[in-house]
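One chain comes next, on its own, written as structure tokens: the form predicted on its own.
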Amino acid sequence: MIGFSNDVWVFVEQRDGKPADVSLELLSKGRKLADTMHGTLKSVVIGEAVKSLAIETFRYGADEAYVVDHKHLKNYATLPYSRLLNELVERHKPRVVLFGATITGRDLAPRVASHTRSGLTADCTDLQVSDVSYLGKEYKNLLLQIRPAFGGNIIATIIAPDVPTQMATVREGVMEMHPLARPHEVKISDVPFSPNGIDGLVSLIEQHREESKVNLKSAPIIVAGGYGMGTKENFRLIHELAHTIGGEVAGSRAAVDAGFITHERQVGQTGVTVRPKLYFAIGISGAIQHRAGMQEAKKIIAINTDPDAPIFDVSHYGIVGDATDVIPKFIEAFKSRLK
């Protein structure tokens, strides 16, 4: 399709001048997409005193940064942020725009996509660029927007062939973050901001935040239990094993729904995506929804009573047995080695 740019943009979400991890992950992925398209990667940074943050985006692959810096933009606000992005997208027509699938990204991306009549796919778990033949036409540099569909029972590849700009929101943790050894030369384009009357229709009166005390993403060892543990009492074995080997406790959605563990420790499509060095999947069948959140772990040990459980398809070591029998033996073996 003639006239389209090969620019890949990443909206960099920030809070108090600190970038969201998902934005840095998307810059690393955006770098690969831009290289495939023989294009450029540009970060879009909006806020107050965010010049240093914009410079940091070059460590993750940016070729250029659009910066909108103004005191009225310190905190995210739907109306001014969407207005600014709408204007930038309409003016420059990037080929791809990526957002984190966060509360902010899920609010901002559809507004920009709707205003600019761009294609948008939500909650992607992978992104690729390819030339595609579709309905007898050839399309260059289409963004393959890959995500689970129908409750996670299939993986759908979605394209937006007839629009200049393709957009996607991507969940935190599904892309790897790769700082560059040799970042590109810093090139910042300052974008002027003029307050508009509509910006103040919604104002921030007071804000309260409570940081999560659980950080599964950075845990090198995770012991996850599923509904197969049977009872909350049995699930305590998961906690005991994790404590013995210095790991974090996690669970599947079924375990969360059963009340065995809290939602903040859920791994999977509707939870957290993790890449630990060691992942125990105990009493977890291994449905695609859960595998989407842990299959990139370096080593996976699965324990399940069902020898045909899908979790064994992605595990490096599999044990067929009752977790209430196997876990105590693991704990005993670890403790004996620590003596």
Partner chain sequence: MPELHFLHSHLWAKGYRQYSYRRRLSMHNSIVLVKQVPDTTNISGQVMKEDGTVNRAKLPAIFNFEDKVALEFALRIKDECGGKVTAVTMGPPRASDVLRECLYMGADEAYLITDRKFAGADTLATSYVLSEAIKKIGDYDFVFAGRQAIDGDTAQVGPQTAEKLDIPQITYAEEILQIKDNSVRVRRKIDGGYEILECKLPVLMTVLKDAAEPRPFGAKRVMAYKGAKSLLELEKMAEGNSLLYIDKLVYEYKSRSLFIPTLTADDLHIDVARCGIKGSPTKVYAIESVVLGGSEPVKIDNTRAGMLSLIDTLMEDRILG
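Quick caveat, the model's predicted, so the values are computed rather than measured. Positions refer to the first chain, counted from 1.
Beyond the structure shown, there is the form predicted together with its partner chain, which is absent from this document and is the topic of what follows.
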Interface segment, criterion being heavy atoms within 4.5 Å of its partner chain in the predicted bound form, picked from 63 to 71, 40 to 48, 299 to 307, 23 to 31: 299 to 307
Listed residue (177, 163, 191, 258) with a non-hydrogen atom within 4.5 angstroms of its partner chain in the predicted bound form: 163
Given that its partner chain is not shown alongside this chain, does residue 119 nevertheless sit within 4.5 Å of it in the predicted bound form, heavy atom to heavy atom? yes
Give a yes/no on whether residue 156 approaches its partner chain to within 4.5 Å in the predicted bound form, heavy atoms considered. yes
Is there a non-hydrogen atom of residue 107 within 4.5 angstroms of a non-hydrogen atom of its partner chain in the predicted bound form? yes
Within 4.5 Å, heavy atoms only: does residue 113 come near its partner chain in the predicted bound form? yes
For 199 to 237: residues with a non-hydrogen atom within 4.5 angstroms of its partner chain in the predicted bound form? 201, 202, 203, 204, 205, 206, 207, 208, 209, 210, 221
